[in-house]
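Next up is one chain by itself, shown in structure tokens, the form predicted alone.
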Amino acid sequence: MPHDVISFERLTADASSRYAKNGWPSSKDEAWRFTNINAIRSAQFAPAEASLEPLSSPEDNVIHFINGVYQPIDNMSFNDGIHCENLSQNTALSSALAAAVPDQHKVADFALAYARDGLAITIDQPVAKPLQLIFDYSGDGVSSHPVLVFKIMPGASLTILEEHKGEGSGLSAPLMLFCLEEGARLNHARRLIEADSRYHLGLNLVKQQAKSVYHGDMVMAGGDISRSETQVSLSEADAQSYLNAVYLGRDKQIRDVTSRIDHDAPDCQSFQRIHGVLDNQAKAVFQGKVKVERYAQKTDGNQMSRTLILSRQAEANTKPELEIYADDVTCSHGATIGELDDDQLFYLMSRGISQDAARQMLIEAFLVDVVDELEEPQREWLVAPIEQWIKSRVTT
């Protein structure tokens, strides 16, 4: 369907007005009932300023952001098929973003209200080399507002390696829209490895047309409060969506993985695998909703959430939902929360394996279902922070 024509300037102005009126989400908002962001609500943040110094990158297909602001790069080059411009110069994609942002989404309004500009990236053919998005954060009391819109043209394909890292006690609020046209394919890998003092509230919107395929793989291993929300719309027949996530929490960290998948067309498939490991007094929530419209017959929708608790003080909340109006569907959901098995631990130690090594083996075995589903070539890139986190947790 055609969108109303909305410039980037109008988009941000409207969001700013809504944010000024509605403010931050609270526990009264159902989608935020389990996630306490009082530390963010009470903090004072100043939007990041753009850097005047261009970076230097020897690699192709690399885009840098410093505190959420896109950095011009000397001699930047992209492989054939990648076209990048400011979002303020692409009214079609700014209009698409305006139509895609959920009504009254307070974090999206915050991200847009202070965004300096965004990036519009169009992919018009298969691209073999991954596109790297590197987000570096620094400074205390600084808020980052990167906004990106991707349009994957019919038959085109792309792999994205997206990394969020950095120091300081700031807040990152990335907002991204991915529009996959007929037969398009996107492998989207993310790793959130920011410092323990940082906050991260991210929103990904995915719009899929017929026979498109979206693979979203994520490792959440950093930040004090980290929330990743993904909303997928399967709007035409034979579209497929796969979401795999690993979250890792310790101390008093908060981990939130939220998803919503709307099946708006027949013969579509969606699969979600969310595994988490919590230690100390960490808290986590997974809330995933799958909605199947009446005319979305022959839908196949599945979601599974599993959490491993390493400490009796840790807390996990799961809220899987199925809302089904069609009668010819295959849908399921499940959730488990458990501890390391003492019998398995004893068995391994009785075979001469140290306690640390045995605990590491059991944690890795718990995560193997998700790890095995990670797409190549980004699998090794995603597994590295998992291995590092596990090693830090089991070494006495």
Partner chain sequence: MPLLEIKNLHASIGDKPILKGINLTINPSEIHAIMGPNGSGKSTLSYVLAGRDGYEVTDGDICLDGQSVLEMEADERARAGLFLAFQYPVELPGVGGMSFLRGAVNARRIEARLDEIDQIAFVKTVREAAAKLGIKDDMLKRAVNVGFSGGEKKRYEILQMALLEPRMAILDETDSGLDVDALRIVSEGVNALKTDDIGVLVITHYQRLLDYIIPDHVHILADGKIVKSGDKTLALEVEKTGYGGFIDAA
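Note that the coordinates shown come from a computational prediction; the quantities given were computed from them, not determined experimentally. Numbering follows the first chain given and starts at 1. We call the rigid core the largest set of C-alpha positions that still match within 1.5 Å between the two forms.
The same protein also has a form predicted in complex with the partner chain, omitted here; what follows describes it.
With a 4.5 Å cutoff on heavy atoms, residue 38 does not count as touching the partner chain in the predicted complex; it lies far away. When contacts are judged by a 4.5 Å heavy atom cut-off, residue 362 counts as touching the partner chain in the predicted complex. For the chain shown alone, residue 353 is a contact residue for the partner chain in the predicted complex, at least one non-hydrogen atom being within 4.5 angstroms.
By the criterion of a heavy atom within 4.5 Å, residue 344 is counted among the residues contacting the partner chain in the predicted complex. Heavy atoms within 4.5 Å of the partner chain in the predicted complex are found in one stretch of 323-331, 61-69, 345-353, 25-33, which is 345-353. Contacts of stretch 180-215 with the partner chain in the predicted complex, defined by any heavy atom lying within 4.5 Å, are made by none of its residues.
For residue 14, a C-alpha deviation below 2 angstroms is recorded between the shown form and the other one after rigid-core alignment.
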